[in-house]
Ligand code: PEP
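Quick heads-up: it's one chain on its own, the form predicted on its own, in structure tokens.
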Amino acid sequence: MKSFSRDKKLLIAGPCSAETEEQVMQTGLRLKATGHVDLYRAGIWKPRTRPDSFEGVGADGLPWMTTMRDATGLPLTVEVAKASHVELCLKHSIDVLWIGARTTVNPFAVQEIADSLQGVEIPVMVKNPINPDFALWLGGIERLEKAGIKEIAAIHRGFSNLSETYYRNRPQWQLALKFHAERPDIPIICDPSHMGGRRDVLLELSQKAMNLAYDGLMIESHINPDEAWSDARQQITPETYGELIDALIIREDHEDDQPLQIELDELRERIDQIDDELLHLLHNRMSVAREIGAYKKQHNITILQKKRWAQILGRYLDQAEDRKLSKEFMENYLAAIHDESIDQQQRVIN
């Protein structure tokens, strides 16, 4: 694999971690049979939070990968976290490297990898950092570019959030869309396995990524998911993976289809009018917030009124579902409005 082509969706699949030579080979053969794999992934080194967790088979797994490639023709991708990993992957002619979320969060580690790739022509993928720090993600890309890497893709795998209960890592799609707006030249791939953390949401997340015109998917697949040595809940069999890809609806942008674009423009005009009204209402709301700030200043009242905020949050979250709005959206929307109101009052009081 020489480059990230945007002519078709890039489909990446394979086990969370390479466990045995037989497991690597059988997963590859069965994935190849689906006809839906462009790149075979497997973790060789597994960075883990706890020291007694399975941390990968290490370099012993690299020959298993190359043997599987010889048998199937599937190009290989492996996660690297330091320069020695890069050296070993290059020695075994791994086709594509990826930098994981735990590494992207550390600029020193990314720089070490970038330095080890000086003068090397190999595609590299960069996962978003664990925390929702857009600059870190973008910075990882830029460090590789400065090292001369020309073929780069971003992987969106969601962000850690202590209050998240539905997903393993909260998607926060808006950050990925922000990345695309900032760097439209960089392909962006969705990793629904780490985003969801369990198999029953893989199709939902994969379809959302396709609806948002992502350039590909990275999905974990194992010949016996329930017995996997790591991340068992989020892996699926190669056959189930094939069925998932078959079930996806791939939509096109149709930017050159004038009749379709005319109809879309009419709908977008209605959106623009509503947005103008929303902006006017927000202006009025913040005017009242400033009046409240003046009143609080006059009577020496604290800006933050915890009971009032709890009432607002409870009232509108209860209404969100009836109005076909997600709880996550309403929480983010209300928090943004509340934060701006506090800032407006703070300026008055100061």
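Residue numbers run from 1 along the displayed sequence. What you see is a predicted model; the values in this text were computed from it and never measured.
Separately, the form predicted in complex with the ligand exists; it is not shown, and the next lines address it.
- Interface residue remark: residue 222 is not counted as part of the site for the ligand in the model of the complex, having no heavy atom within 4.5 Å.
- Though the partner is left out of this view, residue 46 does reach within 4.5 Å of the ligand in the model of the complex, counting heavy atoms only.
- Though the partner is left out of this view, residue 242 does not reach within 4.5 Å of the ligand in the model of the complex, counting heavy atoms only.
- In the model of the complex, the ligand sits within 4.5 Å of a heavy atom belonging to residue 102.
- None of 229, 214, 98, 167 but one reaches within 4.5 angstroms of the ligand in the model of the complex through a heavy atom, and that residue is 98.
- Heavy atoms within 4.5 Å of the ligand in the model of the complex are found in exactly one of 38-46, 56-64, 297-305, 23-31, that being 38-46.
- Contacts with the ligand in the model of the complex, taken as any heavy atom within 4.5 Å, map within 11-29 to 16 alone.
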